[in-house]
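We begin with a single chain expressed as structure tokens, specifically the form predicted alone.
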Amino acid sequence: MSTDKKLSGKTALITGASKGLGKAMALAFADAGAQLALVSRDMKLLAEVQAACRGRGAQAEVYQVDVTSEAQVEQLKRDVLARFGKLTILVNNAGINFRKPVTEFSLAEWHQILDTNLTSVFLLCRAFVPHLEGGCGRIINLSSMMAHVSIAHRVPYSASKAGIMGLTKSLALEVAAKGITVNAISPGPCGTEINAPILNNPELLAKFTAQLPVGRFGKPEEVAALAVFLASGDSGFITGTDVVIDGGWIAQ
């Protein structure tokens, strides 16, 4: 899927942009011609992504924000609109995962995962929906194949990602008349930092890879290319749905 300059003249905000899928999407969006508002709590890594995007010819600004904070998200809205004057594309990508039995989770850990993965999507959508460009606005929410199927020790994570699916469908209906689309992407196992506990464990890695019909983990760039398509004008008739990109895992 070639990115070309599908996003020329458009402004995109990406949360969790300092690493993993967020970084890959930032670079792909830069190649596609978008202006970028890059959001993360890690300014050191975010600055590196900013430099890489600028090296590709994109305008890119960085914002250190805790996306679970209502006050910080509202300030982000003011800062982004003051800098760019508009927003065309909102990518809700920030996410975390802890892996352990449900009986070992504290309530604080439950809230941390739900707030980061799901509440942040609500906060960002509520803040920016009124300011998205009508007729070409795009919202892309990063869900997971764990919203469709699951495995043990993923209770809060699967719950949060399933919640994103419901939010995506309802919001898509709410803003369709404004020409704004809302879709989710559900990646399977990808070679990113969030999967380090698997990637760094040869036994676990072999077990997961054996369950993937394509025989390998996904590449962040493959998810990024899909995001560029969903953010572009080519996807205007796609809304309220989820695109699974999982190497065939849930087809089994």
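So that there is no doubt, residue numbering starts at 1 and follows the sequence shown. The shown structure was predicted, so the numbers you read here are calculated from the model rather than taken from an experiment.
Absent from the display: the form predicted in complex with ligand NAD. The rest refers to it.
You can rule out all but one of 175-183, 88-96, 101-109, 126-134: in the predicted bound form, only 88-96 has residues with a heavy atom within 4.5 Å of ligand NAD.
Residue contact check for residue 35: none of its heavy atoms lie within 4.5 Å of ligand NAD in the predicted bound form. Ligand NAD in the predicted bound form is approached by residue 193, whose closest heavy atom lies within 4.5 angstroms of it.
When contacts are judged by a 4.5 Å heavy atom cut-off, residue 68 counts as touching ligand NAD in the predicted bound form. Within 4.5 Å of some heavy atom of ligand NAD in the predicted bound form lies at least one heavy atom of residue 161.
Using a 4.5 Å cut-off on any heavy atom, the residues of 11-48 that reach ligand NAD in the predicted bound form are, in sequence order, 16, 17, 18, 19, 20, 21, 22, 40, 41.
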